[in-house]
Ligand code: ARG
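Form predicted alone, single chain, as structure tokens, below.
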């Protein structure tokens, strides 16, 4: 319905000989909080730059050019500087519910635009297990992938394993000195957690004065020189980390289409840097390190150390171009925390100087840090909350809540509690705008009431229960709608345009918050409008069916599974 109003305004502007783009109209078109002000309101303040008149005169002129309300609108009124649009509720209910029933899981989805996007996440280091910050990364990456697919893009989910470099050598150095041929199997520990223990051990012993720091740098040099014993140790520990990651990805519902390894591409990056030195794009210092000077804002950036070893950005330079060539990408999106904003600014500037075409196709989707009530997490000090631990803890909370409500088989309890657990985690990580830092409170996330994932799942289950209890067939019979029915229908109609907006802004929080608002609106309707046994039962069942479908689609976009029974 919003699109219809946009087209009405566009035609009116054409009659006034004023060129206003559809995107601008959509940007300014509002949804009034007070229903008496209409279903949509268009403010005319900004139009003073296009038309020599005060806002109220502009709104009157605009209303005059619109003429009689077209089909689908009951009325169009002027209120000061606003033009207010009132929808034909009967026609809206017919159109919206018919379209939802027709499209089902595809409601809100656009046709293929034949464009390819690669979205990279979570790109971990293989020296420690995935942690809570990675969970936010994965939740954002998967949600943006699904939102892009709903907008017609072909998405390649990519992962870059940062499996070489000084951080990886720190874990190796600690294992080499203190490992004593231990294995995850012998210690009965998840393999990536086993590797992470040695990273923490390294930091602890370095602080106490050991020579481990020197050992790690020697290992890095030996690795890049191809020393067989060093490579053997690296491969063993790397595989332990990767095996553990895959277990966590599977549990969290993440699957990648393309996996890159820094160990397999860093040499190509070094070759580009050396060629850039010959081409005088880069410079060399007296200590033999290679760098680039990017001016006052970005300063100097080392690309190869004095000992010839590479840094993270070295392989990113090669990988950026490799991806575009492999998949003919229209856009490449990196989901990486905001502490790496400088890194990506530098990367894009370097790629420009190296001649990459259309560098604007690279996008850093920067997100804020996740903190706990206890404070900031630190990997080196072992105070990070591991992803597996937080999932297990919240799943245990879900199990306790479920056993209070019903007697379930062990298999059903495990399956249902995991879905509730993941809904709790994903929703709390996504409802906050990705750009902002956030506080993660496990106890609040699992609450079955309030602004949480389990509450939204419970609302879906409630709707399913009503449909199961009724013996009548849902019928789309049009009659005068109550205010709560109208609000629910209007909320359902907003979903397609919101999906587009969420992609334009790369902002899953729009979908997460919409899911909660939709659940709230449904519960208000449910309490105000009796369903079973009412004379409107057939229509209201159809409305509930529409609600369930849209909520299911919305939750899918943020990676949450629905439950028919809680």
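Positions refer to the first chain, counted from 1. Everything numeric here is computed off the predicted structure, so don't read it as measured data.
Quick note: we don't show the form predicted together with the named molecule, though the next part is all about it.
Which one, 267-275, 456-464, 116-124, 85-93, holds residues whose non-hydrogen atoms are within 4.5 Å of the named molecule in the predicted complex?
Among the candidates, contact is made by 116-124.
Which pick from 150, 107, 282, 334 sits with a heavy atom within 4.5 Å of the named molecule in the predicted complex?
Residue within 4.5 Å of the partner: 334.
Just to confirm, with a 4.5 Å cut-off on non-hydrogen atoms, which of 343, 419, 146, 217 contacts the named molecule in the predicted complex?
It is 343 that has a heavy atom within 4.5 Å of the partner.
Touches the named molecule in the predicted complex: residue 192 (any heavy atom, 4.5 Å)
No, no contact at 4.5 Å.
Can residue 316 be called a contact residue for the named molecule in the predicted complex at 4.5 Å between heavy atoms?
Yes, residue 316 sits close enough to the named molecule in the predicted complex that at least one of its heavy atoms falls within 4.5 Å.
Quick one: does residue 312 come within 4.5 Å of the named molecule in the predicted complex, counting heavy atoms only?
Residue 312: contacts the named molecule in the predicted complex.
Given that the partner is absent here, does residue 160 sit within 4.5 Å of the named molecule in the predicted complex, heavy atoms only?
Flag for residue 160 set to yes.
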